[in-house]
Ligand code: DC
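Only one chain is given next, in structure tokens, and it is the form predicted on its own.
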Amino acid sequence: MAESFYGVITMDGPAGVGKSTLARRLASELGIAYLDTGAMYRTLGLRLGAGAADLDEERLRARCRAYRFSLESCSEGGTPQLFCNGELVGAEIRTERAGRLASLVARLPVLREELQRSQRALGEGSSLVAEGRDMGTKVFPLARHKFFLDARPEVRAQRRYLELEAKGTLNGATMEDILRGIEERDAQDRGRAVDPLRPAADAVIVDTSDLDLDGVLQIILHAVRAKGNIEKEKSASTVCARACAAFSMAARDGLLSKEGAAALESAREDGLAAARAVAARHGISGDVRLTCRVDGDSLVADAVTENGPLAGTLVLAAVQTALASLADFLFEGADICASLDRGRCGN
């Protein structure tokens, strides 16, 4: 792994935009892990089979939790690879059957929830590149670096056509067939009710239509390294934390009303009280600044304090308590994701 800590880097975008290739190249350039989330869906698709769609929620959740994913190096100093229950995930998932089963199980909310939980666990305290369709919006909303790659449909169709032609796997498909398939996939991904394809509010959007692979890679590398340097400088004087959780869409109007504003302010006061209690218990002082707000489809709490003893504990207590105070507005069983993110708060 690299000496520099980049945290989680998310790379989202539609089919055929080159995410997988770029994510692998970026991870290699930075010397960090590449998280192939598609491989996780393919693995569970193969192991659970088409019958997963017929399981009730409780049984499906139990079956999913029987499979544990990890990133491990096969040799000393080697690149981390994806393992499932201690076994290397290999070529068996790269078949058409695996792809069809992955598409089937990816529609199951319980399975998506469990895999997202696993993906977050892999990103805790690690530097990695996570590529997919909802990495920056749903799985890693606190990621330090977010990118959304896009390209004109006709460009993506041409790239896909040339790729299949080179592999000898066109099987009679024409450019028009491939373009139609991409446009249908776009409509499905962008219009689905659960985790639709869209850029995160703080993502860097890169149009790859008129750029080659190296050109896109250089844009992303520059953005990652530039932001990393800024945050390193800021981290010397401040410590920040952010927590977020998805709220119930039924609660949106309430959150945006006067009553909602009062609830957000009450939650902020609860968070500050929690930080003061931690400080008093340990006999330290710490001026914590805390904000609570609605950001897209999430509730977000940001806290910052001067660097010092237990600074991280203070700001984490503040943001976690603040969102816990807003439990009535959250989805039932919603996770509160919280992490230290030095120098990031308020951006």
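The numbering used is simple: start at 1 and walk along the sequence shown. All values reported here derive from a predicted model rather than from experimental measurement.
This protein has a second form, the form predicted together with 2'-deoxycytidine-5'-monophosphate (DC), left out of what is shown; the following refers to that one.
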Next on the checklist: I need to confirm a contact call. Of V110, V155, A106, L170, which residue comes within 4.5 Å of 2'-deoxycytidine-5'-monophosphate (DC) in the predicted complex, counting heavy atoms only?
Outcome noted: A106
Checklist outcome for this item: Checked R185, R198, R159, R120 for heavy atoms within 4.5 Å of 2'-deoxycytidine-5'-monophosphate (DC) in the predicted complex; positive is R185
Next on the checklist: Can you confirm whether T37, R94 and A102, the three residues that make up this candidate site, all sit within 4.5 Å of 2'-deoxycytidine-5'-monophosphate (DC) in the predicted complex, judged by heavy atoms?
Outcome noted: yes
Item to check | Segment assignment from 297-305, 316-324, 65-73, 41-49: heavy atom within 4.5 Å of 2'-deoxycytidine-5'-monophosphate (DC) in the predicted complex | outcome: 41-49
Checklist entry - Is G132 close enough to touch 2'-deoxycytidine-5'-monophosphate (DC) in the predicted complex, meaning at least one heavy atom pair within 4.5 Å? => result yes
Checklist entry - Do D189 and 2'-deoxycytidine-5'-monophosphate (DC) share at least one heavy atom pair within 4.5 Å in the predicted complex? => result yes
